[in-house]
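Single chain ahead, written as structure tokens, the form predicted alone.
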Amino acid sequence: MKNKVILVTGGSSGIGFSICNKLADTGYIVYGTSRNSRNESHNGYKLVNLDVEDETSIIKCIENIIEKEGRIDVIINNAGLGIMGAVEDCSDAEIAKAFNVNVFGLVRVTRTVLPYMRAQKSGLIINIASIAGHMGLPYRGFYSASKAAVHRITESLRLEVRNFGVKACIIDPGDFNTNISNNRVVSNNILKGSVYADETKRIEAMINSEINKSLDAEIIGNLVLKILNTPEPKTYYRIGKISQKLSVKIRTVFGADLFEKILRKFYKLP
């Protein structure tokens, strides 16, 4: 049904913005969220205030939507944060910030909405992770780890909520042309003479160049629309350039050691 009520975290820009626009244009009732929203109409959908790091903010937002619409049919946990830095360089605070948004924020939103979905005996949870969650990437170890956590949490969630009529799945994007680089946490230690500083900067520039040449995020909106019309969503939906999607299969088939050699060559590492 087109009048499904859909909540999209991180809906003011990037992938979330594209998802909100596509679903609103198709006739769904869409609530996008932003930490700085004044609860306004935005490109055909409602943009409401929600900070995934603040449980009070989440509860207030969800309760307001339920009061107005009577239900929430779909959650799209899209809010995320990049983190860049060597494993040795990243501070506890920097790591905690990334996990607080990418993992704990997703869990906070999910567990706030689930009681309503269980009561209505229906619902769909789409968690936006990353192809990076299937491998340890140099100078992005904690980003990869946070997205791997989303994978495992969602796989468990699927098994736990199915009996209540609720379904869950994962979208794994590769690189898409968004503003993720503007909001990325970069380890402060690269400004303090870290032995990893030059390589961190080099690879960050490489990543940003790839993002600028990558696919349009509108493609992900089309994929979400397809999932909404799928009676039994798959566990994983990988989307991106062919080489990025194939990387997961290559690692699985040929093993971690050979795949590490491929990564070293790609990133020009010794």
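Just count from 1 along the sequence shown to find any residue number. The structure presented is a predicted model; accordingly, all values stated were derived computationally and were not measured.
Although it is not shown, the form predicted together with a small molecule is what the next lines describe.
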| query | finding |
| --- | --- |
| Per-stretch contact check against the small molecule in the predicted bound form, the hit in 48 to 56, 198 to 206, 226 to 234, 65 to 73 (non-hydrogen atom, 4.5 angstroms) | 48 to 56 |
| Heavy atom within 4.5 Å of the small molecule in the predicted bound form - the one residue of K60, H42, R35, K245 that qualifies | R35 |
| Selected contact from M84, L157, M117, V101, since only one has a non-hydrogen atom within 4.5 angstroms of the small molecule in the predicted bound form | V101 |
| I15, heavy atom within 4.5 angstroms of the small molecule in the predicted bound form | yes |
| Interface membership of D175, the small molecule in the predicted bound form, 4.5 Å heavy atom rule | yes |
| The small molecule contact at Y143 in the predicted bound form, heavy atom, 4.5 Å | yes |
| Partner contact for I211 in the predicted bound form: the small molecule, 4.5 angstroms, heavy atom | yes |
